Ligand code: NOJ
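Quick heads-up: it's one chain on its own, the form predicted on its own, in C-alpha cells.
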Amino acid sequence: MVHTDWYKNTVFYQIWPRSFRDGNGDGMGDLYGVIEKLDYIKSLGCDGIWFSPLYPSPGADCGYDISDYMDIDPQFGGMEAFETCLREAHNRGMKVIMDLVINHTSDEHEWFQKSRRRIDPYTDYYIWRPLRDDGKLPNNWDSHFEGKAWTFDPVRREYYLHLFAVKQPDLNMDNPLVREEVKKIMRFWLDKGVDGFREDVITFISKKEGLPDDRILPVYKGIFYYNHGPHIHAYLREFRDEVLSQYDCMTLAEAPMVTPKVALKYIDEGPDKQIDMMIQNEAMCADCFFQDYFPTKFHLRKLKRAFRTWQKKLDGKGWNMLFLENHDHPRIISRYGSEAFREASGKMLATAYLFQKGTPFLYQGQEIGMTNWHPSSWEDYEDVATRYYYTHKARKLTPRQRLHKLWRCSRDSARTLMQWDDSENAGFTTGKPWFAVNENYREINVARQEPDRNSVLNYYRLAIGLRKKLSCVRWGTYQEYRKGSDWLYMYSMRDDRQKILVICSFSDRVRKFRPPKEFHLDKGKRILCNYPEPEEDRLNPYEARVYFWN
C-alpha cells in the first residue's frame, strides 16, 4: 500500500453527530441525517469529514466514554447506516476519519468490568492503585472534568485513574495487551474503508513511572507527568509501523499544551514520523490563559504570534492543521469576532485562517456564523465539565456571574443544534430534540443564507474555492506584516508563480491602513472582500480582503 499525503489537499468538515441532523425523527442526530446532507457538505468545498464519536456509549461525556470500539451506536443508526454513509461519502470523492479515543474507555466497557473483578487477561488493562496506609489518594493529580483523578472502586477495592470524568477510566498503555487491542481497533475500521483517525488526547497515553505527586502546578496537577510521557513516541511508532503504514490513511493528534518544537517530535516529515498533523491550541488561547475557563481580554497579537510561530516553525518540516472552531471550544465569533458585527467578523475570521498553509477544518455551524447561546439556567447545559464547574469550581461567584461565565466558556456553546432553517427546532428534527437550539436560529440558518450571495455561508464557499485554486496558499511561504498592531492582521503567501496579500481588521470601527511597501494594491487583483465597496486606504469594521498577483 502506497502511503500518500492526500490530506494536504483536503478541507475537512467536523460533524458532532448528535447535533448535526436527525434523519429519523427521534430527536437525536444520526447518520441518516448526515447522508441527507452530504451534498451540502460537498457544496462547501469540503472533501473530508471528521466524525466525533459514533460508538456505543453511556453518554457521560457525549460519546467520549466508549463502551464498544467496534460498533456504531444504534442511536446513530448502527453499523449498516455507517457503512452506507461511508460508501456515499466515498462516492462523492470525500474522505472520512473517525475519532479514536484510546486514553480511556467507559467504566461500562467489558474490559473495565472484567478488570475490576480481576478476570484475566484484563486485570491490568487499567491503572489501579491500592488504598494508602495514610488514607490518602494514590497521588494528588487532578482530573480535567471532575475533581481528583482517582476514584475508589468497591468491587476491586482499589482506586482507578481517570484523567477526565469519573466514568472514563484510563487505559494502561504500558500493558502490551492493551496496545494489541488498539491495533485491532485501528485495523477493524481501516479495513472497513475509513481513511484515518483523529486521536483524542493521544499525548496522554504514557504516564510517568511511579505516578509521582505534582509539587509544581496549583491546578491541573499531574499534567507534566502524563502529557508527552516517557513511552509516547515508542507507542506511536508501534501503531504506525505495525498498522497505519499499511494503509493510505492519515492521523491527526489532539495534543494539549503543544508547541511547534514539541510537535515536530511527532510530525517531522522524516523517517521517524509518527503522526501526520497535530491539533494545537495556542491559537485558541488569545482570550484566555491555558484554557477557556480562565478567560482574559482578547489579544490579537497573541493570536498572530500563534499563527506566525506555527507557520514559520513547521514550514518545510511538518504539516499544519488549521482551525478556529471545534466541539471543545465556544463559538469563535462570540470570542474573537463580534456578535454586533456577526456577518462581517464571521467572514473576516474565515479569511484570517483559510489562506494559511496547512489543512483547514470547519466545524458544523461555523460556515453560517453560529454564535454562543444564552440559556436561562445552568441546568440547561449537558456537558459534564460545564456542570462540574458551575456546582464546584465557581461557588464564589453569584449565580448570575456563574451563568455568564458558562456562556463565555462552556463547550456546550458549540454543541447546540445545527441551524438548518427557521422552522421549529431549526429544522434539526421533527421530534423532541436531545439538546437546545440557539434562540437566534430564525435569523441564522442555512436556508436563509443559501440564496444570499453575500451570506457568511456563500463567503465560506468562495474562500474555500479560491484557496483550492491558489498554489501559493497550499505550497507557498508565509510572511506577516505589522506584527505589533493590536487590530490589523496582514500576511502574504507566495511561491515562484503567484502571491497573495491577506488583510484582516479586528476592529469594530473604521481604521486607516497602508499595505506593505512591496505590495501595490492597484496592480493586484482583489479576489475577496467582505464589503461591497471597500475604500483604498480605510478598512471598515472587521473588513477582510485578499489581493492576488502573478
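Sequential numbering from 1, following the sequence displayed. It should be emphasised that the depicted structure is a prediction, and the values quoted were computed from it without experimental measurement.
The discussion below concerns the form predicted in complex with the ligand, not included here.
Scanning 331, 162, 109, 415 against the ligand in the model of the complex with a 4.5 Å heavy atom cut-off leaves one residue, 415. Taking a 4.5 Å heavy atom cutoff to the ligand in the model of the complex, the contact residue among 198, 335, 304, 207 is 198. Taking the partner from the other structure, the ligand in the model of the complex has a heavy atom within 4.5 Å of a heavy atom of residue 61. Proximity of residue 327 to the ligand in the model of the complex: non-hydrogen atoms within 4.5 Å are present. The ligand in the model of the complex is not approached by residue 319, whose heavy atoms all lie more than 4.5 angstroms from it. Within this chain, residue 370 is remote from the site of the ligand in the model of the complex, having no heavy atom within 4.5 Å. Only one segment in the set 61 to 69, 503 to 511, 37 to 45, 486 to 494 has any non-hydrogen atom within 4.5 angstroms of the ligand in the model of the complex, and it is 61 to 69. Contacts between 110 to 146 and the ligand, taken as any heavy atom within 4.5 Å in the model of the complex, involve only 145.
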